[in-house]
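In structure tokens, one chain follows: the form predicted on its own.
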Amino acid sequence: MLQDSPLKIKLIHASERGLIAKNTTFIMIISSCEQLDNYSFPASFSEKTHHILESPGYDVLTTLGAHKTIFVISSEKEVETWRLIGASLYKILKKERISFAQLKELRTLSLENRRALFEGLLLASYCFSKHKENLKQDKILIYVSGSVFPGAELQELHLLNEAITLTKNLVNEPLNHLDALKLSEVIVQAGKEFGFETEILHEQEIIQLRMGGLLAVNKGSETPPTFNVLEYRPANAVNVRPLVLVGKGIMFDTGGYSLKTGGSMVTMKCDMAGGAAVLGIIAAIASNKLPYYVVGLIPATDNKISASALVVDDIITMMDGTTVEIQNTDAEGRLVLADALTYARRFDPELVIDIATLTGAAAAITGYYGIAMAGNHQQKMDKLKQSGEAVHERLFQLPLWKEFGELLNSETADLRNIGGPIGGASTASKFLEHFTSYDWIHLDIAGAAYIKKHIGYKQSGGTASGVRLLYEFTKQQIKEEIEIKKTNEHD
């Protein structure tokens, strides 16, 4: 499922400079008026660039001459701005059909902003072209001096981008090319490529586990469900109890007999974006050999209609014995997640984070720009918020008041699977909370996981929402564990 990126960033050293192609385009980073004055530009050009540098904003300008040169003009300090600048730069490189370029004057930027620039370049270069026979992407090679950017950080960015590419590819793939069984095949292959263990539970094993939610949603499908277990446990892990990630893997969602209407079924191949994100996160952690013990759980099925499919008013029994009255078959994601949350108990987790395209209500709150969050551990949610701000995958915390739980009361079962039109994102979270007995955070990526229009470094289609967020969160957890260990040793 991986594809070659059309963009490669390569570090060079002084001894290798002679190997750079003669037709190399220079990319100059201009971040101050003093720096700009070192160049001889026409008055109109100079006036424009001074204005950009003296006010918030940025621009990417191209000058033609004996050597084509691209000038990146900005005095911005914000990290996210430099990701967007990277995306704009990639757009220029592609438009001008530039094959070789060298980044210069990077020392004027902080290391954090240099990384953001490269990240924006890499993320913007993604294109889902598998099913376009005649689409050819020109290859672009950008040289960067090894003295201004650490090789280890560049390698980390490339491996993270590979995991993000895998996630996007899976979300963009239609059901006739990627059902639950094929997803499991991809997971096994990814485990071999990125370096983590996999176990695939098939229908008979799922029946033995009494996963009533997953089995009920699958009743309308001819393709059997799978339950995918991913485990990365390095010998040098700083945590003894794992971080468990649970991802919703609804390969396509018709809504079941509560059928989606009005064109809302279009793009429902993306309803497995949470499961794809879990795979991407663990692939990124494992390939970069982070010293952290992580488990991924991905329940996978499609939600279709047949003579035997789940219907409204049915009562099902979940893996933990809870009975659930079905009031809407389109509220199926919480059913498969609930069984996975029950299964997570056997790992004695330090923290469980589920990630899912769960509710339109959450998308109405965050739009394309963020992720809705709920949970039972405020300190860890606050730390996750900090990671979200760092990578610009921002989090909006939902209320989990007991009144939302009361909306799930049923006269015929332990719970109903929906709470009505009021507070839909919070009632869905309360439903999931019922199945937790540990520290837990819920992430609803319904708005951010799939976008219809290109935004900055995000292409239309799958965005890999949650991958960068939870990768950054894991890195911060590692730092915290190491600091705690150092403090304990000194004491």
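Note that the structure is predicted; figures quoted are calculated from it, not measured. Note that residue numbering begins at 1 and tracks the sequence as displayed.
In what follows, reference is made to the form predicted in complex with a small molecule, a form of this protein that is not presented.
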request  = Sort through 226, 359, 165, 218 and report the residue having a heavy atom within 4.5 Å of the small molecule in the predicted complex.
outcome  = 359
inquiry  = Give me the residue from 413, 92, 400, 418 that has a heavy atom within 4.5 Å of the small molecule in the predicted complex.
reply    = 418
ask   = in the predicted complex, does each residue in the set 366, 385 and 393 place a non-hydrogen atom within 4.5 angstroms of the small molecule?
value = no
request  = Sort through 116-124, 369-377, 181-189, 331-339 and report the only stretch with a non-hydrogen atom within 4.5 Å of the small molecule in the predicted complex.
outcome  = 331-339
query = Would residue 446 count as touching the small molecule in the predicted complex under a 4.5 Å heavy atom rule?
reply = yes
message = Is residue 260 near the small molecule? Define near as a heavy atom within 4.5 Å, in the predicted complex.
response = yes
query = Should residue 268 be classed as touching the small molecule in the predicted complex when contacts are defined as heavy atoms within 4.5 Å?
reply = yes
query = residue 302: heavy atom within 4.5 Å of the small molecule in the predicted complex?
reply = no
